[in-house]
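Below you will find one chain, with nothing else, as C-alpha cells; this is the form predicted on its own, and questions on how it binds or moves follow later.
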Amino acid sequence: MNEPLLEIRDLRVGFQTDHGLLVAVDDVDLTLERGKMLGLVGESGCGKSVTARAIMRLLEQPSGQVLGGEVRLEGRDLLPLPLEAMRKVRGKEIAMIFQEPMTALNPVHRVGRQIVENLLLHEDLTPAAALKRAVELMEWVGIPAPDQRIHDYPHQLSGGMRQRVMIAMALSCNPKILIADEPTTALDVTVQAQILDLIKRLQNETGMAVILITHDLAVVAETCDELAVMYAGRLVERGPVESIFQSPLHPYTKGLMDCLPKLDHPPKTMLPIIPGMVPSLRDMPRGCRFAARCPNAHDDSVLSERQPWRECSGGHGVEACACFASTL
C-alpha cells in the first residue's frame, strides 16, 4: 500500500489558562490521501481550527501547546522539527487559507507584495520574476485586471477578491496539502459557490490534497471524498462521504444530518435541532462527550468511561458509544 500523504496520530492540544491546562483536541487520528479532499465538520468549539493550526504549528503562543501525538507528512513527523525547518514546510509543502482574509492579510502592504514575499521565501526567483508570477496567480484564481489589482491594499478589495488573493498566496508554491479553514465565511452564497468551485478546480489541476473545514454538510457532500466529524475535541466518526451520508452511525452525526433542510419537509415547519450545547473545556465529561445531548443515552456510565473506537467496513469508523453500540 502507498503511504498516506498526511497521518495524524493521537494528537492532543491544550492551552494554559487562568483555570489551568485545558485540552482542546483529545487523541485525534486522521489520514489524508494524495489528491483527496477531506471534510472536517462539527459545531463551533469542537476543535477543528485548533487541529488545523496544530498541523501548521501556528498555535497561539505561549498558551497553546501540543501535548502529544504525531503529525507525519510523507512519513516525517513535523512536531519535533526545529522552527526554521518548519518555516520551510509552511507555504511550500502545506499551505492554509484562514477564515477571515481581512485579518490574515497585512493591511499596510499591497496584496501583490504579500504574494511576492511568499514566492521569494520558498522559490529561487528574482523579484521581477516573482512579481510576474504573482500576476499570473491572481489571473489563475479569477481576479480581473490582475496587473492593476496587484497594487491594491486589502481594504480596496471585496471579500471575495480578498479570499481569492489568499488562495493565490496559498497555492503560489504548489503545496502538497491545502488546509481551507471555513474559506467561505462571511461571503454571500454566490461568491461562496465560486470560491468552492475554484478550490475544487485548482485541486484537480494541481493534484494537491485538501482539508476542508466547514459547517456545511451540503458542501462536504458535493466536494469531499472523506468526512471526519468532530465533537468536543474528539473524532466521533470518519469514513468515505458516501458511506457516512447513507448510513451515519454516531448519534451526533445523525443529529447533524437531521438538521439539514429537506425538500419533503412541509412548508414553514421548524428545522430539527440538537438540544443543549457543546460542553465547556473546563467541564468535559470523562466518558462520552455527547451523552448529555444524546436522545439514546439512558445509562450514566457512558459519562464516566471513554467509549472505544470501532472500525466498520469500507474504512468507516465510529466512537462506539454504549448507548448505540449494539446496533453496529
Ligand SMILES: Nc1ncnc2c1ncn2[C@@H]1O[C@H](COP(=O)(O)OP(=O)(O)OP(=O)(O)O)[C@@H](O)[C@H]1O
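This structure is a prediction, so every number in the text was calculated from the model and none was measured. A residue's number is simply how far along the shown sequence it sits, counting from 1.
A second form of this protein, the form predicted together with this ligand, is not displayed here; the remarks below concern that form.
Mind telling me which stretch in 262-270, 60-68, 288-296, 31-39 gets its heavy atoms within 4.5 Å of this ligand in the model of the complex?
Of the stretches listed, the one contacting the partner is 60-68.
Can any non-hydrogen atom of Glu43 be found within 4.5 angstroms of this ligand in the model of the complex?
Because a heavy atom of Glu43 falls inside 4.5 Å of this ligand in the model of the complex, the answer is yes.
Taking this ligand as it sits in the model of the complex, is Thr17 in contact with it (heavy atom to heavy atom, 4.5 Å or less)?
Answer yes; at least one heavy atom of Thr17 falls within 4.5 Å of this ligand in the model of the complex.
Given that this ligand is not shown alongside this chain, does Glu182 nevertheless sit within 4.5 Å of it in the model of the complex, heavy atom to heavy atom?
Heavy-atom contact with this ligand at 4.5 Å: present for Glu182.
Does Ala320 make contact with this ligand in the model of the complex, using a 4.5 Å heavy atom cut-off?
No.
From the list His109, His215, Lys92, Arg201, which entry has a heavy atom within 4.5 Å of this ligand in the model of the complex?
Here the answer is residue option His215.
Which of Met56, Val50, Val302, Ile274 has a heavy atom within 4.5 Å of this ligand in the model of the complex?
Result of the distance check: Val50.
Pull the contact list for 275-289: residues with a heavy atom within 4.5 Å of this ligand in the model of the complex, in sequence order.
Counting only heavy atoms within 4.5 Å of this ligand in the model of the complex, the single contacting residue of 275-289 is Leu281.
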